[in-house]
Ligand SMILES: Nc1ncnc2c1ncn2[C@@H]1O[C@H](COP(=O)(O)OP(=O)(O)O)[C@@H](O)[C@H]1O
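The chain below stands alone and is given in structure tokens; this is the form predicted on its own.
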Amino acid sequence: MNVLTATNLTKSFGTGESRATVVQNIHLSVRAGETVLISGPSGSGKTTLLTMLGCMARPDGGEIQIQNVNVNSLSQAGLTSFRLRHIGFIFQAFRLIPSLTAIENVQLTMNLAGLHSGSRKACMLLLEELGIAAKADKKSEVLSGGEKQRVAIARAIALNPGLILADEPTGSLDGASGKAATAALVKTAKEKGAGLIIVSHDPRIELFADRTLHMEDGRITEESRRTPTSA
């Protein structure tokens, strides 16, 4: 089952002669439990594509369906509510609130969705699954990079979204921490049955992805699949 289907996506910026098309006629689908890596040089349109798939920017043309909902038809308020419930985001810089503890950062997502009752117990279970329960009550500002990334993963999946989007999730981590965090993210997404899209320059992530899509000049120019013995 596809959790995401994007058809003929196009996005441009600027006006007149300075107008530039940064995403051109992209077609993309992601199945439940599948990990897709989007790679390519800076300026290839990867991040712009991710912001459209994450309902943070509207395409100029084309259609996006997430869990059988045509998000193009949603109002701005509807998009905000839909993002919270159905899309989990993981960023290179983690974007945790330094003054909050690890578990409070995860609880925040559940509280925004109105799920106050039992949220600590549910969040503690997520932290346990990711091997970081021992740091639950530590302020996020004192955690290591790898620990922060695991908290960010827990926050992203707190509401069991159908789609998880990760933008350069290993960019702030050393090699060992990056590999461990990627493995935890891919494992968790598969177990939850979520589609996972990772945008990254890190070639090591190809070892974890079911498919790798290469972007150049706003287009997907190449697709490769990982064989079961590659990882």
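Computed from a predicted model, the values in this text were never measured in an experiment. For every residue, the number given is its place in the sequence shown, counted from 1.
The discussion below concerns the form predicted together with this ligand, not included here.
A.B. asks: When this ligand is placed as it is in the predicted bound form, which of 25-33, 174-182, 188-196, 47-55 ends up with heavy atoms within 4.5 Å of it?
C.D. replies: Contact criterion met by 47-55 only.
A.B. asks: May I ask you to state whether residue 203 is within 4.5 Å of this ligand in the predicted bound form, using heavy atom distances?
C.D. replies: No, no contact at 4.5 Å.
A.B. asks: Using a 4.5 angstroms cut-off on non-hydrogen atoms, would residue 43 count as touching this ligand in the predicted bound form?
C.D. replies: Yes - in the predicted bound form, heavy atoms of residue 43 and this ligand come within 4.5 Å of each other.
A.B. asks: Within 4.5 Å of this ligand in the predicted bound form, which residues of 182-216 have a heavy atom? Give them in sequence order, or say none.
C.D. replies: Contacting residues: none.
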